[in-house]
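Next up: a single chain in structure tokens, the form predicted alone.
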């Protein structure tokens, strides 16, 4: 598949989602499964109705086969997301969210929306949160200097979105600084 140059410098969103599926998530199994070994580790045994933590990729597989219910992470709730959105709007820095919240929430809302309460409100809050954080990112990029950029609490998707612009901008700033230094020496 041929991608535009700007997309070849970063990981694509589906690739980030694949990476995020390594995260552990809690499920309620509907069938008993013995302890099973995978390259990434051993998981199980799964005994209904006891909750178990397994990788998201395994939970998705079981959910699609109707073999489990996925327990939504505590951060994927209306109350938590609303508080983070309020923080995002009213505070100067980025609010603290899980590093892969965007990818995990998308996968869970796509696959396990029947296991999550208030999915429409959660989707709306996630969209608002994303827009508020993007606005802050754009404001922060206006203040780039050649020395350093220190931004805490960005998630993986946000870092991936600004990486191509940031790398290009830092290259230009470094080039301009070299030219200015050369002119000063003459």
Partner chain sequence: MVYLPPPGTSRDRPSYSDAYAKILKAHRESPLTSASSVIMLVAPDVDALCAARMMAGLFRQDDVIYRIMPISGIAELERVRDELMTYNELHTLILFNMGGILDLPSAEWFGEFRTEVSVHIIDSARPQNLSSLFGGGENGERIIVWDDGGAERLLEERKAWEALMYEPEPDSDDEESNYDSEDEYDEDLDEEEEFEEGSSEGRKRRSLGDGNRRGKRRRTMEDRPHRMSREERDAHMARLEKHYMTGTWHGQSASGTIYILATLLERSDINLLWFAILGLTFQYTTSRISRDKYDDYQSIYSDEVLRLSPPPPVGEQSITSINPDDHGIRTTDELRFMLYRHWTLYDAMFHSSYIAGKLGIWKERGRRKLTGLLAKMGFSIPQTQQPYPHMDMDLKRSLVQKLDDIAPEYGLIELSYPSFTKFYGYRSQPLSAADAVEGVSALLDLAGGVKMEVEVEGSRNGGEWFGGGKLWEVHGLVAKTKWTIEEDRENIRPGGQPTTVATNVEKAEGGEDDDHTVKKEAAWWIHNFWVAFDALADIEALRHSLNLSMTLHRAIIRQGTSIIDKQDIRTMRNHRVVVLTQGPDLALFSHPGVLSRLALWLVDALRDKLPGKVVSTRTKRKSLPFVVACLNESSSSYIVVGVMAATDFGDVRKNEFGLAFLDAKERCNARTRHSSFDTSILEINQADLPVFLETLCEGSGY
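Bear in mind that the values here come from a model prediction, so they are computed numbers and not experimental data. Residue numbers count along the first chain shown, from 1.
Below, we refer to the form predicted in complex with the partner chain, which is not included among the displayed structures.
Every member of the trio 67, 113 and 119 reaches the partner chain in the predicted bound form with some non-hydrogen atom inside 4.5 Å.
Remark: residue 136 does not count among the residues lining the partner chain in the predicted bound form, judged by a heavy atom distance of 4.5 Å or less. Proximity of residue 123 to the partner chain in the predicted bound form falls within the 4.5 Å heavy atom cutoff.
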